[in-house]
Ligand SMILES: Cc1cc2nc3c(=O)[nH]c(=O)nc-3n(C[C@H](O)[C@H](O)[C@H](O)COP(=O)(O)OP(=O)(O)OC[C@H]3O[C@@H](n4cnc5c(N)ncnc54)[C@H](O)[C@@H]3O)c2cc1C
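Just the one chain here, the form predicted on its own, laid out as structure tokens.
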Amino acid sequence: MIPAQFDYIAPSSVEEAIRALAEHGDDAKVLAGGQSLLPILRMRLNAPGVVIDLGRIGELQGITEEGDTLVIGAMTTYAAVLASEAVGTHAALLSKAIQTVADPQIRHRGTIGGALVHADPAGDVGAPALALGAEFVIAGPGGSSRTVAGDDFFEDLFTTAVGEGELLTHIRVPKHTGWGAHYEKFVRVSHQWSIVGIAATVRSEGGSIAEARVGLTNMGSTPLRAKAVEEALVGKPATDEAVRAAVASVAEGTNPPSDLNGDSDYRKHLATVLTRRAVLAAAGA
């Protein structure tokens, strides 16, 4: 199907993009990598009067280091994240998760910021970002900027803290240098959205788990972080028996969907199995 007619704007700066958003309001849609927006336009599920393309804004692209933090521009592609030695060294969990996203063609077009703002709970970037304790830098009118913690960024299904007239500009990821990482994704066919996904990163000492971070994909209306499981894992040996006991409650308090890929109880069972696998793999067991 052909999209409805719209005007096209390609600003060269964040300030110009913010002004365009203010001018066109609800009639505008922001285009990042386009892997979510373009299918919606083609199916005419949305018909904006104006599309604002962020692809020419250089300041939104690239990966830099600021002390103990990686700063990733919102328009940085999946492929660029995968190619980054800094990400592979200091935020391996993000690399592991992005390796599972679709195919090379999608990864060369899709952007990390676009995926995060789209906030599909089955997407594979939100849970790793939460597990790594990422913060989100949001620009607004008049040159304003604010930073939102990961726990406050995802608000509901396809809804984030990025408000009307605002743009996500950067993702700040604390370095987890030396931590083991694994993303365990369950799908029925290759390149599918996660039925359930588990993001786990672990710091081990002497065969035991000193620290752990665990994020859940498609276990609710937003990505989730399993903080009770993280606490239960601390001090445990990286053995199947110990990890199995520590992660047994990972699905408690979650509300996964029921659909053609499986009902809610099935996903809760999957989450328990996949969390055990992900933690053991991250711990090198």
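Remember, predicted model here, so these are calculated numbers, not experimental data. Start at 1 and count along the sequence shown; that's the residue number.
Quick note: we don't show the form predicted in complex with the named molecule, though the next part is all about it.
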Whether 31, 74 and 123 all lie within 4.5 angstroms of the named molecule in the model of the complex by heavy atom: yes
**Q.** the named molecule contact in the model of the complex: residue 135, any heavy atom under 4.5 Å
**A.** no
(message) How about residue 95 - does it come within 4.5 Å of the named molecule in the model of the complex, if we only consider non-hydrogen atoms?
(response) no
- Query: Can you check whether residue 100 is within 4.5 Å of the named molecule in the model of the complex, heavy atom basis?
  - Reply: yes
*Is residue 115 close enough to touch the named molecule in the model of the complex, meaning at least one heavy atom pair within 4.5 Å?*
yes
The one residue among 175, 185, 182, 203 placing a heavy atom within 4.5 Å of the named molecule in the model of the complex is 185
Residue within 4.5 Å of the named molecule in the model of the complex by heavy atom, from 148, 87, 79, 162, is 162
For the named molecule in the model of the complex, the stretch among 140 to 148, 87 to 95, 205 to 213, 190 to 198 with residues bearing a heavy atom within 4.5 Å is 190 to 198
In sequence order, the residues of 153 to 172 that place a heavy atom within 4.5 Å of the named molecule in the model of the complex are 162, 166, 167, 168
